[in-house]
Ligand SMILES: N[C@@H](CCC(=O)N[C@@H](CS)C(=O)NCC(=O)O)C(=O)O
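Below you'll find only one chain, the form predicted on its own, shown as structure tokens.
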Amino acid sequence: MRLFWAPNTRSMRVLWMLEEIGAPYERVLVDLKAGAQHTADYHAINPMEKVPALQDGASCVAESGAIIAYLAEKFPEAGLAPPVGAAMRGRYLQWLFFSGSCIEGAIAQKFTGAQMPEGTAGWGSFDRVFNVLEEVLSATPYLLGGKFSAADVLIGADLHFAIDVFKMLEPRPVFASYLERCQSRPAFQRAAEINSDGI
């Protein structure tokens, strides 16, 4: 497997996931400043010309949430996704989609200062998105209860960037505890080191 990535991007989510599953992979650094994402070769891998993207033999997957779902299914022995038919599978899928559908929109709205009626925006509002996360994480250590999953990779990475990196969200005690659990994982620490080294 080859991960096309760049430091300090959404690639961090996939780095973390790859470190969680423990399968061998090659990192291919995409020099965004030099415009390497706009080449014909990279366009064939990810037509959106963004990072991350994963090439696995003949398969190419872009969009970090899709890559994480792909890896969770390809490596079921890692135990990061409930199997099809399991009771928690629905909530697992909900949280995978929540990242791109709700958190991304809420952060973009906050960053740009755009005004949208709560009933029109798919995510409702910035406050609603993070209040919902606070509600679930007040009741359980992880999104699916007591067990860490691929959904926590996505949401944990989102909260890390919103709170620790961009300082767009106040560090609520529930989020601080959740991030401490996530960031204490050796896979997160390895991914963060790779991300900071840029290699």
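In this text the structure is predicted, and so the values were computed from the model without any measurement. All residue numbers are counted from 1 along the displayed sequence.
In what follows, reference is made to the form predicted together with the ligand, a form of this protein that is not presented.
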In contact with the ligand in the predicted complex (heavy atoms, 4.5 Å), from 145-153, 128-136, 167-175, 42-50, is stretch 42-50
Residue 32 within 4.5 Å of the ligand in the predicted complex, heavy atoms:
yes
Residue 9 within 4.5 Å of the ligand in the predicted complex, heavy atoms
yes
Contact flag, residue 63 vs the ligand in the predicted complex, heavy atom cut 4.5 Å
yes
Taking heavy atoms and a 4.5 Å cut-off, does residue 55 contact the ligand in the predicted complex?
no
Let me know which residues along 144-161 have a heavy atom within 4.5 Å of the ligand in the predicted complex, or say none if there are none.
none
